[in-house]
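Take a look at this one chain, the form predicted on its own, written out in structure tokens.
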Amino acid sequence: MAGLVPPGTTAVPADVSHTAHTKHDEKTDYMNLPCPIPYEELHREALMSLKPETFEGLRFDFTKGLNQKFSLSHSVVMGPTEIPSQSAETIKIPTAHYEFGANFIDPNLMLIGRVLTDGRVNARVKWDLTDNLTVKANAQLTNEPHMSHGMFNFDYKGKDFRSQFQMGNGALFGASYIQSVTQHLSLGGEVFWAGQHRKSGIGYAARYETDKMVATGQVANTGIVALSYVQKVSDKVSLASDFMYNYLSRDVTASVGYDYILRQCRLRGKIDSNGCTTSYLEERLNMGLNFILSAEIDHRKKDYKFGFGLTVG
């Protein structure tokens, strides 16, 4: 009969057979590991929830596309600006500026330029020389002495690793490397030398990623220990937390946050161990028209920031 087991054989339960088959499938194929994310983007999922681009006052952004590759942008910002102070209270002065930008975006080349009414000029270049090698450049020119700077990055993307070399003004040199060691785990390190300030540093990092979570740890001899964890509750909801510790200055900060994507809006926010609460809302009113609300409340410093903006294009 079909339901009988022949003598001398043992029936294997279906769940045990499935578990054994799953473990066999999960064996690491070291010759076919995924390419990790860039070293500088280790905490990008956590930063998306915990570090929204909050602002104070009014912001208006307008982008006009002239063709498929070239566009112009106009931005107006009105609101207070914080100035350094030795006292515990925050000192702000009213400011306003206009920014004009030009953008050229091609599959292999990206050029972005910005000119502000306060005299600053910003430029960014990203050029894919090959499928594996990319050159990036960032520069800022300003009227303030010793505040202009420039940086060049050379990024190489391998099959299961990424490497980067940096150099900038002030005799700044840096290099980083990250390697996938399993399907989910990647390890990396970085070094830098700031010749103008006679400082050097070395750091290490680890990142573990699955479909539902991302855990990252980073430590450097400059005193920084950074840990972050992101739990993907669903395709629209993510919860994040981070822990920052400086073992030289003994400063500790921890925060928890969320990222909630609705049909017409995106809501992000956080609260940290210093009692500072942040919320950032992006509402899509129509195609190419977004309304932005920003809030940051710090009762300890008696610092309250509220802003609203409109993005067109």
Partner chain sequence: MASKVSLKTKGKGGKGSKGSDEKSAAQCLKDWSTWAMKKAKVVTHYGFIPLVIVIGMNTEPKPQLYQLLSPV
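Residue numbers count along the first chain shown, from 1. Just so it is clear, the model here is predicted, and its values are computed rather than measured.
Another form, the form predicted in complex with the partner chain, is not on view; read the next lines as being about it.
**Student:** Identify which of Gly195, Gly158, Pro94, Gly119 has a heavy atom within 4.5 Å of the partner chain in the model of the complex; exactly one of them does.
**Tutor:** None of the others qualify; the residue that does is Gly119.
**Student:** If you check Gly189, Gly217, Gly113, Gly223 against the partner chain in the model of the complex, which one has a heavy atom within 4.5 Å?
**Tutor:** For this set of options, the contacting one is Gly113.
**Student:** Although the partner chain is absent from this view, report whether Lys64 comes within 4.5 Å of it in the model of the complex, heavy atoms only.
**Tutor:** Answer yes; at least one heavy atom of Lys64 falls within 4.5 Å of the partner chain in the model of the complex.
**Student:** If you check in the model of the complex, is Thr210 within 4.5 Å of the partner chain, heavy atoms only?
**Tutor:** Residue-level check for Thr210: no, no contact with the partner chain.
**Student:** May I ask you to check whether Tyr204 falls inside a 4.5 Å heavy atom distance of the partner chain in the model of the complex?
**Tutor:** Output for Tyr204 is no: heavy atoms all beyond 4.5 Å of the partner chain.
**Student:** In the model of the complex, does Tyr30 have a heavy atom within 4.5 Å of the partner chain?
**Tutor:** So Tyr30 does not count as contacting the partner chain.
**Student:** Can all three of Asn103, Ala123 and Thr142 be found with a heavy atom no more than 4.5 Å from the partner chain in the model of the complex?
**Tutor:** So, yes: the whole triplet contacts the partner chain.
**Student:** What stretch, of 171 to 179, 104 to 112, 78 to 86, 158 to 166, brings heavy atoms to within 4.5 Å of the partner chain in the model of the complex?
**Tutor:** That would be 104 to 112.
**Student:** Pick out the residues of 230 to 268 whose heavy atoms come within 4.5 Å of the partner chain in the model of the complex.
**Tutor:** Result: empty, none.
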